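Okay, so here's just one chain, in structure tokens, the form predicted on its own.
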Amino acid sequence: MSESYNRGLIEDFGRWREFAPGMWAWILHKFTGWILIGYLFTHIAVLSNALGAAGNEAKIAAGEDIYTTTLQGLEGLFLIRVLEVGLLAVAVFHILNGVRLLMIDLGIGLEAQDKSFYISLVVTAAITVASVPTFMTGVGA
């Protein structure tokens, strides 16, 4: 018959050092995609609760704006602001890497795939660092 292929130990975590930049780009693109999907579901859950979906009939009848109150309460939390910076970094990298992959699929920049990955990382870092003061102080502060 056939011999089994030795794929190495599953526990061999030292192999990450052998990954090429293209593999890191693929891993980060998949990871950021899953983070964005998770955020989408969390966002929908928070907004549906903020709109007074259940149990807030008295507040609605009193004329209170549950949506604005909920969002102001969330924006006041330092953890939420830090998570928003992280969300920005995830979204920017995912977008830039997606455009990079589109260009590669179109045959543009095939010989500079590694450089374009590094550029997308640097641009993501620059945009994220530049936005930190805005997220940490808030727009209305």
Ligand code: HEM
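Residue indices: 1-based, along the sequence shown. Model, not experiment: these values are computed from the prediction.
Unshown form predicted in complex with the ligand; subsequent notes refer to it.
In summary, among the residues V82, I66, V99, L88, the only one with a non-hydrogen atom within 4.5 Å of the ligand in the predicted bound form is V99. This chain is drawn without the ligand; in the predicted bound form, the residue among L74, A112, L47, L36 with a heavy atom within 4.5 Å of it is L36.
Mapping the unseen interface onto this chain, L40 counts among the residues with a heavy atom inside 4.5 Å of the ligand in the predicted bound form.
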